[in-house]
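Here you'll find one protein chain in two forms, each presented separately as C-alpha cells under the names structure 1 and structure 2.
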Structure 1
C-alpha cells in the first residue's frame, strides 16, 4: 500500500506539472505560438528626437512593405511581425539592439536611416551573429569593417560627395558660364558619421578635379542657432555650397542664410534633405527654386529607370490617403522588398541561411522603384555587405517639383538645369 501511495503521488505530480506547463504555453500562446507562425523582424529607427522626421519617413516605406507582403500571404506562408525600437541616438541604438536580440529574440534587425545609429547597432548585431539590414545609413565606414552579417541596400557616402563634385565640374560651371576651377566652393556638414563621410568624399573628389574649396565647416545637427556658421561661409563668398544636412538643421540654416545675407549661385544638398516635402512646405516655392539635391532616388525619375515607382506611389496613396512623404519612404520600401526576397530564398530564420541567400541575390539595375539593382559585396571585399548596384540621382526643385537631371537614364529628355539660385542670389 505504501508503494501504491508513492506511485499515485508521483503520477499526480506528473499530471500537475503537465497541466502547469500546458497552462504556461497557453498563456504564452500569442508570443510563443506567434513566433512559430510569423516572421519576427526587429525595427530600429529614430522615432523621437532630432532625427525622427526622416527616420519616420523611411520607416513608413518599410511599414508599407510589411502590409503589402502580409496582404499577399506573407513570406513562405508566414506573416511578417515587427518589434519596434526607438533609437534616438547611438547610445540608445546599442541598448535597443541588445534588447531586440536578447529579450525579443530577433534574428534580423532593419534600420535605421542614420549613419551613427547604424554604425553602433550593427556592431551589436555582428557580435551576436544577427543580420543587420541597413536601408538608409550612408557612411562609408559602415561597410568597411569586414562584418559578416551586415547588408546595406542603399549607396554609400562616397557617392554623394563624388557626384556633388562631378556635377559641379560637368554641369554647374558650364551653366553659370564659369570655368569650374574658378568657382569658389563652400562645404558645410553635420558633424556625425554621415556628414563627415560625405564631406571627406566631396573634398577628395574636388582635389582630384582641381576644384577650389574655400571653406569646409562642420556643425552640430542639434544646434539651435547656426548664425556663426552662416557668417563664416558668407565671409568666404562662395559661388557654390555643398551641404550635408538633416531636415531640422537644413531648415534653420536656410532661414538664417537669407536673414544674414549669405549669397551663392548654386546650392547642392548632399543627402536628400533638400528634396523632402518638409523643406518644400516650409518655404514658398520661389524660395526653394533651383535648389539641387543629390539623393537616393526621386519621385521625378522615369518609369524605365525606376521600375514600379508609379505603381508604388499610387498604391501607397490609396492605402494611406496621402502620397509617400519623401524619397526616404521609397528607399525604406525598396530595402524591405529586397529583404523579403532574401528571407523567402533562405527558407528559415537562421542568420547563416539568410546571409547565404543575401550574398546569392542578383537583381539587375533598374529593377527597384529607386532605380537600383542588388548585388552585395562578398565577405572578403573591402566593402563587405555593400549593395554594388545602388546609385544616387541629382534632381532640382523647379516650381515646387523635383525634376531629375542625372543620370541621363533617369531624366526626362526635356528637363534642364536652371541657375543661378534666386533665393541666395544677393
Structure 2
C-alpha cells in the first residue's frame, strides 16, 4: 500500500514538474509582454551534440541578419525577437517545435541545418499551420512531402552531385585534355544521409553522361583512421575523385591520401568541406592548391553574381571581430534576409499571409549574397516549398583563395581552371 501511495505522490510530481517546465516558457512570453511591438521568431538549431558545430555556424548568420534588420528599424517598424531552442536530436526537435508553437506562440520557425532535425520539426510545424523556414537542411526528401507551410531557401543535396558530374564532363575533362568518358572517377562519401544523397545524385548523373565511375565507397565520418579507404581508392587508380565529406574526415583523408601515395588529377569536394577555413588552415597553401569545391557561393564569388557578399563579410567582421566562420553562415544570413522580405510583404504575423507572401516572392538569380534568387515551388508542384532559384557554384582553391569558376555568371572573366592537382600528383 505504501508503495502505491508513493507512486501516487510521484504521479503528482510529474504534473508539478512538467507544468513547471512547460509553464516556464509561457512566463517568458508574458513577461516579454510586447507581442504587439515585436516579431517573434522561433530558432531551432542543434547547438549541442554532434551536429553543434555547423548548426552554430548557420545560426551565426541568422543572428547577424537579426541584428542588421533591427539596426535598420525592424520589419514594418517592429523589432525582430528570437526564441532560441536547442534541437539536439529528432526527438528534442519535435519537443522544441511544439514548445515554440504552443507555449511561445511563434508563427515562424527558422531551422535547422540538420536534415533529420528538419524532417521531424517541420512535420510539427505543418500540423500546426506554422511556417517552417529551412535555411540549411539539404536532404531532398524534406520538400518531397507536399507540405504547405514549409519553405526551403537553400538548394537540395542532389545539386551537389549533379554539378560535380556536369563540371567534370564539361570542364575537367577538357582541361586535362582527356575525353571525359575516359576519365576514371572515384566517389567517396560519408555514410550519413547527406553523403548518400549527394553520391546517389552524382552517380545517377554520371551514368546519364556516360562517365566511368570505377569505385564508389562509403565510410563513417567518425572513423579515426581512413587508410583502408585510401588504399581502396588508390587501387582503382582514379583520375578524378568526387568526395562528399564533413570536416574531420576530409582533413584525415587528405593527410592519409598523401601518406599512402594516392594519386589523382582532380579532387572535387561536393558539399563545402573543402571550402572551409579549417581545411585551408590545416595545410599549407601549396597542399590545397587547385582543390575544387562544389558549394554555396562564398568569398571568391564575383560581386555581380553574389550581391552584397563583400559588404556582408566586412560588416560581419566589424560587428563580431571575426570573419564569418564558414559558408554556412552566409547561407543562414541569406535565408533570414529572404524571410525578412517575406514578413515585410505579409504585413502581419499570420501564417496564411506569410505563406502567400512567400509564394508571391520573385527575386531574380544573383540577388542574394549566395548568388541565389528566390522563387518557391508552389504547393501543387513537385518539391513544394523548394526555392527553385538556389544553385550551387564550383570554386577552386588557388594560392589559398577560393576562386569561382562556375556558373559562368558567377565567374570572374579573368579566372580559370587549373589542373592537375599538385598535392596528389604522386
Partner chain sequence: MQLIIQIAISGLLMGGIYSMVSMGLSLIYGVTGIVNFAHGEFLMVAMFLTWGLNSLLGLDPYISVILVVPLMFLIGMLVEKTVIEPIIKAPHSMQIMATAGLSTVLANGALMLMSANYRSVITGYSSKTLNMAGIMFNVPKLVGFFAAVALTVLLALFLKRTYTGRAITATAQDMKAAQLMGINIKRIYLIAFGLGTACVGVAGVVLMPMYYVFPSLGTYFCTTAFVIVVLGGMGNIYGAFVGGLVIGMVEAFSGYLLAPVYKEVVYFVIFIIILIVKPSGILGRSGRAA
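Predicted model, so just to flag it, every value in this text is computed and none were measured. By rigid core we mean the largest C-alpha set that fits within 1.5 Å across both forms. Numbering follows the first chain given and starts at 1.
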Task: Index of the chain form predicted on its own, chosen from the pair - done: 1
Task: Flag for residue 78, CA shift 2 Å or larger between structure 1 and structure 2 after aligning core - done: yes
Task: Residue shift check between structure 1 and structure 2, rigid core fit, residue 187 Cα at least 2 Å - done: no
Open item on the list: For residue 277, does the CA position differ by 2 Å or more between structure 1 and structure 2 when the superposition is done on the rigid core?
Closed with: no
Task: For residue 92, CA displacement between structure 1 and structure 2 after the core is overlaid, in Å - done: 4.4
Task: Cα shift between structure 1 and structure 2 at residue 104, which is computed once both forms share a superposed rigid core (Å) - done: 4.0
